[in-house]
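One chain comes next, on its own, written out as structure tokens in the form predicted on its own.
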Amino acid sequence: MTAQLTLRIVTPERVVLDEKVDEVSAWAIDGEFSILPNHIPLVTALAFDVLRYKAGGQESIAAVLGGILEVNENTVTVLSDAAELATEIDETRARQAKERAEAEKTQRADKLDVYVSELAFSRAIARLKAADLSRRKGSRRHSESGL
């Protein structure tokens, strides 16, 4: 049997994911990386972006809004303030949040308000990217199967 990783994505509100996977790819604040079974121990800060994971030949996607990723003994643990699976994302709401954040960013003068608007914008972009990648992956799968 081939070695697998346990992937756990945890936020203050819930355990978003706790599954056996074959591979994890994510964006750290300094670039993209991938984790395979038997990876050396690692701790890195994550960017607001997508996290991809493969299990049984199927790729799945989550939006991870920053946080810390730790690899230790074939366990990948992501601790983030907010994360959600692509299948949970309401694209319409995410698009509206992006538009609101863009508008607020241009209207704010206070540095803290601008920073908060930029965080909201980054969050919306990560969510939309995850939903879009998941949708395109799903339509590719249907066209390959003849559906």
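In this text, all values refer to a predicted model and were calculated from it rather than measured experimentally. Don't overthink the numbering: it's just position in the shown sequence, from 1.
Just so it is clear, the following notes concern the form predicted together with ligand ATP, a form of the same protein that is not shown.
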In the predicted bound form, segment of 37-45, 54-62, 86-94, 24-32 with a heavy atom within 4.5 Å of ligand ATP: 86-94
Distance check, residue 50 to ligand ATP in the predicted bound form, heavy atom within 4.5 Å: no
Exercise: residue 79 in contact with ligand ATP in the predicted bound form, heavy atom 4.5 Å: no
Residue contact check: residue 123 to ligand ATP in the predicted bound form, 4.5 Å heavy atom: yes
Residues within 4.5 Å of ligand ATP in the predicted bound form, restricted to 12-43 and counted by heavy atom: 13
